[in-house]
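One chain comes next, on its own, written as structure tokens: the form predicted on its own.
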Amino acid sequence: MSEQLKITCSGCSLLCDDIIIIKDDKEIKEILGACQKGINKFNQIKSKNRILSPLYKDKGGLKVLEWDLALNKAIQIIKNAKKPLIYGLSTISCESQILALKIAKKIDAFIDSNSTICQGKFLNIASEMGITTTTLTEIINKSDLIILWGTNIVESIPRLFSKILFSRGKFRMTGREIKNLIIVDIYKTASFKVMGTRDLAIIIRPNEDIELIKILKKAVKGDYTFPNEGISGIDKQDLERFKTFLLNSEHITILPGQALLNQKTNGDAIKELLELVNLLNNIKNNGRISLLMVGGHYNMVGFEHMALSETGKNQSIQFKNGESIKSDDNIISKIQKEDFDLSIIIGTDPISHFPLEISKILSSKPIILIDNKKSGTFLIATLILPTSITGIENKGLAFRLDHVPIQLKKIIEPPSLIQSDYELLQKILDRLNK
């Protein structure tokens, strides 16, 4: 007999809680309201790409292992390592992330999440300077200006615009009619297609965002005139409009993306943007200007919270003698220096996503992969331990992109003998403790 359920989708960090599914006792029959990312997540249940048994690579290639033997093999590989890395963790539950941190502590590992090459850069600098954040609800209810800076959310987080730009709120009853949009990017992305006549499109020269931010800081103070030739490829008229928007809008939300985070300025562009936000908040008599980070993985924010609560540091944590110690490394620098002899990769695919030279070094050492789907990392991993899909086949806590905790539910049973990340990591920890 079929039933209809309202569930939360773990397809991306937006964690949409308005998805309707129709299911019977064994499978999901229909999905309503999900974007393509959400549909892809549900399609993973029966994908040909699904990993359904533990695998071990020896001279004869990959061979299937029984679970007990696979777990023993994992413990053997881990105990033979002196400098293990644990990386990924942004697509597992908060409960599983805590277990990964406990394992890292037990084996004196270096542990890092995907956030270290994404929004973590922003949070690290913000921890020194302070940051004004916001929530989706507050943006919906109050924001009259939304600024996308170096991010293409139409493709990365497809339903975010429909929630924050086109929706009506308590104090923005006319919705899109009163909400203005500014997009700053080096070329026109798919997000530009939603722009209206009142909105402002800023096409900036690559890596010159910092110059624009510095000029805007001077301009909003009132003691600066824009040059007639403009700056960074932006004409004077658009610069004047940008200034007017910043000074006359009541509640402003900036969404900084990878294009800004990856500036070749050692984080100075981020510092300048935070200073601009603080400056505007000091100038404004009404409302405020806030930031919303837009990391893609559904629980990237969760690891920041779990790591901070467990260790006092939100990422890039080195353990020694069971204690976290000071380290200036991140996952990239550790690999570059070859300061590791084992990688435990959880729920991500660094071999496909890292630069080629980094992937080559990573692949030269043993890899234990914990994931539910095949990937570039799967192809070169030493030991592969499959898991169920959180938010579909097992429950768990996750943090939405605006740092709001959301409980994910179990909807259907996982494939035979496939356990959750939490169950698998708990078994590994138990065997290490023995």
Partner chain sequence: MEMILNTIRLINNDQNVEWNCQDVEFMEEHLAIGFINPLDFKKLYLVPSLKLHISNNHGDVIVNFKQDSKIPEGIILMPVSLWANQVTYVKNNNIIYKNIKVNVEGTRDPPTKLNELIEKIKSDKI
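What you are looking at is a predicted structure, and each value in this text was computed from that prediction instead of being measured. Numbering follows the first chain given and starts at 1.
Beyond what is shown, the protein has a form predicted together with its partner chain; the following relates to that form.
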{"property": "Joint contact, E155, D349 and S352 to its partner chain in the model of the complex, by non-hydrogen atom at 4.5 Å", "result": "yes"}
{"property": "Location of its partner chain contact in the model of the complex, chosen stretch of 220-228, 73-81, 238-246, 155-163 [non-hydrogen atom, 4.5 Å]", "result": "155-163"}
{"property": "4.5 angstroms heavy atom contact with its partner chain in the model of the complex for E357", "result": "yes"}
{"property": "4.5 Å heavy atom contact, T382 and its partner chain in the model of the complex", "result": "no"}
{"property": "Non-hydrogen atom contact L276 with its partner chain in the model of the complex at 4.5 angstroms", "result": "no"}
{"property": "is_contact(S375, its partner chain) in the model of the complex, heavy atom dist at most 4.5 Å", "result": "yes"}
{"property": "Contact assignment for its partner chain in the model of the complex, among A259, L342, I215, L145, heavy atom within 4.5 Å", "result": "A259"}
{"property": "Listed residue that, although its partner chain is not shown, lies within 4.5 Å of it in the model of the complex (heavy atoms), from I117, I182, L85, I103", "result": "I117"}
{"property": "Sequence-ordered residues of 26-58 touching its partner chain in the model of the complex, heavy atom within 4.5 Å", "result": "Q36, K37, N40, N43, Q44, S47, K48, N49"}
